[in-house]
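For reference, the chain that follows is the form predicted on its own, supplied as structure tokens.
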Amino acid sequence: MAYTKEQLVEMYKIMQRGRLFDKKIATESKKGKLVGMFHFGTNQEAFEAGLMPLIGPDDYLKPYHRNHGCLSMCDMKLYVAGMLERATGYNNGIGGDYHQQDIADLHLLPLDGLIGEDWLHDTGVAMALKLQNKPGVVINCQGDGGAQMGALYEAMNFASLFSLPIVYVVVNNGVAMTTPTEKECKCSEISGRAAGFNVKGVSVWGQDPIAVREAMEAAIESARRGEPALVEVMTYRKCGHYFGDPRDYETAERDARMSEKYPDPIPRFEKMLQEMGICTEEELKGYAKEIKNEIAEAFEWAYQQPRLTGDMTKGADKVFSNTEGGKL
């Protein structure tokens, strides 16, 4: 499928935004300015570049904990303020980095602290959309570790039975926390499991944002017709489970093999854009500089915002929804 220069540049910017945001977090963490556990998505940014441009105003997205590419749908200043526990940020700074959400305006669904349980929660959101005759699709993203949880298979069975508008995305980055995928799963492709529930399943090489986008476009259109789908994005995480994780569980031999199979998507895409005559090297450097400045400005603004105080976290409305009937 052919894409315009604007679309291709947008995908490139999403990859750079995710990569540069992670680097900024690392820098600020080393300075002792950030508190909490941060999960990076180094080398798997093409997944976000292929997905994020497809999220429409009626759709709902549940990113997973390495999804800083979802910043393309957020106000970055508010996101950073929320991450820094500032009262003016998303969720009044209560959620930190891991639990940022904005259901009402951005349709950004919350993450559950229990990996793999969100499959069920977001299938309920898809059911709500159907019952309320709303046009949106739910996109639920989790890792290969989350795909080993039984909740995914209960969810797919339910979604198939009721023809729900949902796409399940498994970002298979080769390791679940500290366990290599081959030691937790004998399937060569997790997407094959979808067939048991009459759900459309496909695996796509996750270093090419265009390939990811085409797979996601087909899956989302399928879900809009009431035919749920599962997309497995095959990639490799070139970083620890969390910032500071030394990756002692990763051998040099396996890292070299996986790195060759899943090369860095950013320079790969840069080379492609230049060879296609879409962008010059100078243009690409300009986009990266623009994003780096945007991130720096967001942090500078957020650091000036009022801090969250203990009394702001009290109240049932900070835990439970007061929306009548749980309407979306």
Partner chain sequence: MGIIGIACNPQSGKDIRRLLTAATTIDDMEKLNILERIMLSAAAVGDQKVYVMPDRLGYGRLLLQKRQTPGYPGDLSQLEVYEMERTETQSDTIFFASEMERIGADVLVVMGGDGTSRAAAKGTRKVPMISMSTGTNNVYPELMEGTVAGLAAAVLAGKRAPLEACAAPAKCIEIWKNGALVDLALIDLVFCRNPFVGSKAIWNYQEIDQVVVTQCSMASIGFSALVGTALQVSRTDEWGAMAEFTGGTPNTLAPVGAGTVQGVHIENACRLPLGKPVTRTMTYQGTLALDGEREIFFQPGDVITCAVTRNGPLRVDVAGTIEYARTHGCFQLRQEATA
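Residue numbers count along the first chain shown, from 1. What you are looking at is a predicted structure, and each value in this text was computed from that prediction instead of being measured.
There is also a form predicted together with its partner chain; it is not shown, and the following applies to it.
- 203 is the sole member of 148, 72, 91, 203 with a non-hydrogen atom within 4.5 Å of its partner chain in the predicted complex.
- Distance criterion of 4.5 Å from any heavy atom to its partner chain in the predicted complex singles out 211 from the list 161, 87, 211, 177.
- Using a 4.5 angstroms threshold between heavy atoms, residue 142 stays clear of its partner chain in the predicted complex.
- Proximity of residue 188 to its partner chain in the predicted complex falls within the 4.5 Å heavy atom cutoff.
- A residue is said to contact a partner when one of its heavy atoms sits within 4.5 Å of a partner heavy atom; residue 257 meets this definition for its partner chain in the predicted complex.
- Interface residue remark: residue 181 is counted as part of the site for its partner chain in the predicted complex, having a heavy atom within 4.5 Å.
- Contact with its partner chain in the predicted complex, judged as any non-hydrogen atom within 4.5 angstroms, is confined among 39-47, 260-268, 297-305, 52-60 to 260-268.
- The candidate spot formed by 3, 172 and 219 lies fully in contact with its partner chain in the predicted complex, as each residue has a heavy atom within 4.5 Å of it.
- Residues 229, 231, 234, 257 of 226-257 are found to place at least one heavy atom within 4.5 Å of its partner chain in the predicted complex.
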